[in-house]
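Have a look below at one chain only, the form predicted on its own, in structure tokens format.
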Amino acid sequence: MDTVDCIIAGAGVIGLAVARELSRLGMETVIIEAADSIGTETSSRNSEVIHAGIYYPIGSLKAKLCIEGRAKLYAYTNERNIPHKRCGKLIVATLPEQVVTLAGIIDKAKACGVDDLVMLSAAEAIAMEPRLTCQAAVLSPSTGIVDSHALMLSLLGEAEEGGAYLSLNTEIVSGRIDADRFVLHTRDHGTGSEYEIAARHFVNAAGLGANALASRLEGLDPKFVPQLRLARGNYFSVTGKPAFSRLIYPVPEPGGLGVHLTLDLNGGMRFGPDVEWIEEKDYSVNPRRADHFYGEIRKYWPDLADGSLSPTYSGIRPKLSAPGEAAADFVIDGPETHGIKNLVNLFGLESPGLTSSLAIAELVAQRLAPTYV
């Protein structure tokens, strides 16, 4: 049975960022991914937004890692020539009573370290985006967009340059803690063959599958495995010349950031995600949900034409909070939490996970192997 320094479960943007970080520290790393390519779930089914760090509770991991990760991500994308754009966004109040909410968003963001937000009057916002309708707005100049697939390919390339190995179509069926190492039982989806591989360190970055994988790790107390809840976010698109040059976000709603407008790097307009709680993983988009989208979008873009929305794709948030509950923070559990040396479990890495990926990778390295950093 082969033994390596570290096994990472999951080749999404978080797993790949961790692999890059650990390979830079000289750790022999294997990335095990159940799908047939990298980043097929949450990492590629999102808005591809580089978030500024605006909405998250003061002192939370989401706030800290988003702000740190945003700076690291802009530096990395510039250094590696990864397609991205610091386009900025407007958070808009469409009702008079929402204006005070905008002021609260600015105050909370400033307490978290985001100091570049600007309150705009309706006239100032509309001067920037003439198709917009609002009562007031907040400008976030640090918000941007990124080609998430190009980012993941770059992270994988650097990890492989450092000696990391990627195993696709491979499922981790179960695992056990055996003395000072982790023994993982795997199955190849292509051939059906099964084998075991051992590692001195283990990072569970399996995204939507992280909770289930942790529950199959013999020796980990189940009390350290939170319950997973699934919230699907649907996206619709509009063809034609873009009506806006910046991202447009409504005031946040429970469970998400509302039906917002994001742009791809070619200027194409996408709207979403909404919040649809589901029991099983299912990426189908019901075209009838567009009925809700029209009403939400027209609050800030009343010129949206009937019949112009087309279902595009959906993503699923790996949530740790139930409907109606406050959004849970990232859970990044190392030995200081569960008592198992050299194990890190990552749960609930929804937005802003993409923005935070490089900062999360550094934190995982610190909790996983402090002697390496």
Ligand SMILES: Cc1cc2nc3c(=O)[nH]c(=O)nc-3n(C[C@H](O)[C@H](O)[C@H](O)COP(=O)(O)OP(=O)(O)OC[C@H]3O[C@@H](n4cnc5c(N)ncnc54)[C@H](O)[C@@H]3O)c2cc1C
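If you're wondering where the values come from, they're calculated on a predicted model, not measured in any experiment. Note that residue numbering begins at 1 and tracks the sequence as displayed.
Another form exists, predicted in complex with the ligand; not displayed. Remarks below refer to it.
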Note to self: With the partner left out here, check for me: in the model of the complex, does some heavy atom of residue 43 sit within 4.5 Å of the ligand?
What the structure shows: yes
Margin query: Does any part of residue 301 reach within 4.5 Å of the ligand in the model of the complex? Heavy atoms only, please.
Written below: no
Margin query: Quick check on residue 47: any heavy atom within 4.5 Å of the ligand in the model of the complex?
Written below: yes
Next item on the list: Although the ligand is absent from this view, report whether residue 23 comes within 4.5 Å of it in the model of the complex, heavy atoms only.
Entry: no
Notebook entry, point to check: Okay, which stretch from 131-139, 286-294, 218-226, 167-175 lines the ligand in the model of the complex, with non-hydrogen atoms inside 4.5 Å?
Noted result: 167-175
Notebook entry, point to check: Pick from 328, 61, 340, 35: which has a non-hydrogen atom within 4.5 Å of the ligand in the model of the complex?
Noted result: 35
Next item on the list: Heavy atom within 4.5 Å of the ligand in the model of the complex: which of 151, 248, 205, 159 fits that? Just give me the one.
Entry: 205
Item checked: Within 1-20, the residues that have a heavy atom no more than 4.5 Å from the ligand in the model of the complex -> 10, 11, 12, 13, 14, 15
